[in-house]
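Just one chain follows, in the form predicted alone, and it is written as C-alpha cells.
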Amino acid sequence: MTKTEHVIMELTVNNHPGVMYNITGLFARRAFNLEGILCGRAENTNTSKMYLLIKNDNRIDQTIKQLEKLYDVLSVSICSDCDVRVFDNISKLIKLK
C-alpha cells in the first residue's frame, strides 16, 4: 500500500464557542501544521464535523490520542474514503468571490 503525502482527519465535536480554538491550539503546541480545515454543523446542531488536512507522518497516532483526551472531541478517525483534492477545490471557490 502506498503512503500518501496528506490525509484527512475526521472529528465529531461539540458545537459551541471555543472548540475550534482548543483543537487548533493542540496542533500549534506540537508544531503540527494544519494544511486545511473544513467545519460544519451536524444535523442535530449540538455537534459539528471537522475535517483536517494534515501531513501523513509518524505523529498521527499520537495526535489522535491527544485529540481523544479533549472534552469536546466525541470521535476522531482518519477518513479513508475522503479525497484530499476537496481542499484544492476550496481555493477555486474562494477565487470566484
Partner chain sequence: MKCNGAEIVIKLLEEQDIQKLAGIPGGCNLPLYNALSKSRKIQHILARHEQGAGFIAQGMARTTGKAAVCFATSGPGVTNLLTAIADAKLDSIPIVAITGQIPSFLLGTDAFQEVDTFGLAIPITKHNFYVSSAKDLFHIIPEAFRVAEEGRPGPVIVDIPKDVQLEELEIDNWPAHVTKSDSNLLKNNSIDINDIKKIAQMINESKKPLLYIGGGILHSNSSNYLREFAKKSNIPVASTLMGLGCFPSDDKLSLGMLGMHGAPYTNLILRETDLLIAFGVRFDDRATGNISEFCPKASIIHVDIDPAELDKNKLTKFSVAADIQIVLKELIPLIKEDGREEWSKEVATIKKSNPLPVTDYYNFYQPINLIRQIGSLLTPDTIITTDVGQHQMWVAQAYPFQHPRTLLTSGGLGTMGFGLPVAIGAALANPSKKVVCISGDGSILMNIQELATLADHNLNITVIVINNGGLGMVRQLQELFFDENYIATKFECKPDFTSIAKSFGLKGYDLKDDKNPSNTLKRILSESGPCVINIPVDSKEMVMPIVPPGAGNHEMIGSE
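Residue numbers count along the first chain shown, from 1. Everything numeric in this text was worked out from a predicted model, so none of it was measured.
If you look for the form predicted together with its partner chain, you will not find it shown, but the lines that follow are about it.
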query: Looking at the partner-bound form in the model of the complex, is N56 within 4.5 Å of its partner chain by any heavy atom?
result: no
Any non-hydrogen atom of R41 within 4.5 angstroms of its partner chain in the model of the complex: no
message: Can you tell me whether Q62 touches its partner chain? I mean in the model of the complex, with a 4.5 angstroms heavy atom cut-off.
response: yes
- prompt: Would N22 show up as a contact with its partner chain in the model of the complex if we use heavy atoms at 4.5 Å?
  reply: yes
- prompt: Across 56 to 81, which residues bring a heavy atom to within 4.5 Å of its partner chain in the model of the complex?
  reply: Q62, K65, Q66, K69, Y71, D72
